[in-house]
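The chain that follows stands alone, in the form predicted on its own, written as structure tokens.
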Amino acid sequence: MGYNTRRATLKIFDEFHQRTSAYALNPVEFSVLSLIGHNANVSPSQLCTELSLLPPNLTKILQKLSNKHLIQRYRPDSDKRAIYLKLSDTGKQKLEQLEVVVSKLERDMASKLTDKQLELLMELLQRIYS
């Protein structure tokens, strides 16, 4: 199982890099950007939990996304100790563009599977990690 999931992951990541090279983001950075974009008031610790990242690794990713002006950090009025993340306007545009590319990539990579097989694959994979 590990061998097969690794081979599939490598093939998908290779295709991801080819199709998204203009954005200069790797799959994990894209995942972080996507989670920030789809979750209001998400905190760095929530991202670490969701993506199983160590805080120092996430800090580097957030710094890169911030340097590219894709995300912003902010403190909510309700709790000045908390730090939340949101997409900048540039980040929203890039995420929208990337999601089109990645959606097509995922459809292409799963083209040998029927819709039912793909649904089953997703269900089975989710059972393993949840």
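A residue's number is simply how far along the shown sequence it sits, counting from 1. Note that the structure is a prediction, hence the values are computed from the model and not measured.
A second form of this protein, the form predicted together with the DNA, is not displayed here; the remarks below concern that form.
Visitor: Heavy atoms within 4.5 Å of the DNA in the predicted bound form: which stretch among 30-38, 100-108, 44-52, 87-95?
Guide: Checking each option against the 4.5 Å cut-off leaves 44-52.
Visitor: Flag Arg73 as yes or no: does it have a non-hydrogen atom within 4.5 angstroms of any non-hydrogen atom of the DNA in the predicted bound form?
Guide: Arg73: yes, in contact with the DNA in the predicted bound form.
Visitor: Against the DNA in the predicted bound form, would Thr59 count as a contact residue? Criterion: heavy atoms within 4.5 Å.
Guide: It does: once the DNA is placed as it appears in the predicted bound form, Thr59 has a heavy atom within 4.5 Å of it.
Visitor: Please check if Gln63 has a heavy atom lying within 4.5 Å of any heavy atom of the DNA in the predicted bound form.
Guide: Yes, Gln63 sits close enough to the DNA in the predicted bound form that at least one of its heavy atoms falls within 4.5 Å.
Visitor: Would you please decide whether Arg6 lies within 4.5 angstroms of the DNA in the predicted bound form, comparing each non-hydrogen atom pair?
Guide: Although the DNA is absent here, Arg6 would touch it in the predicted bound form, with heavy atoms inside 4.5 Å.
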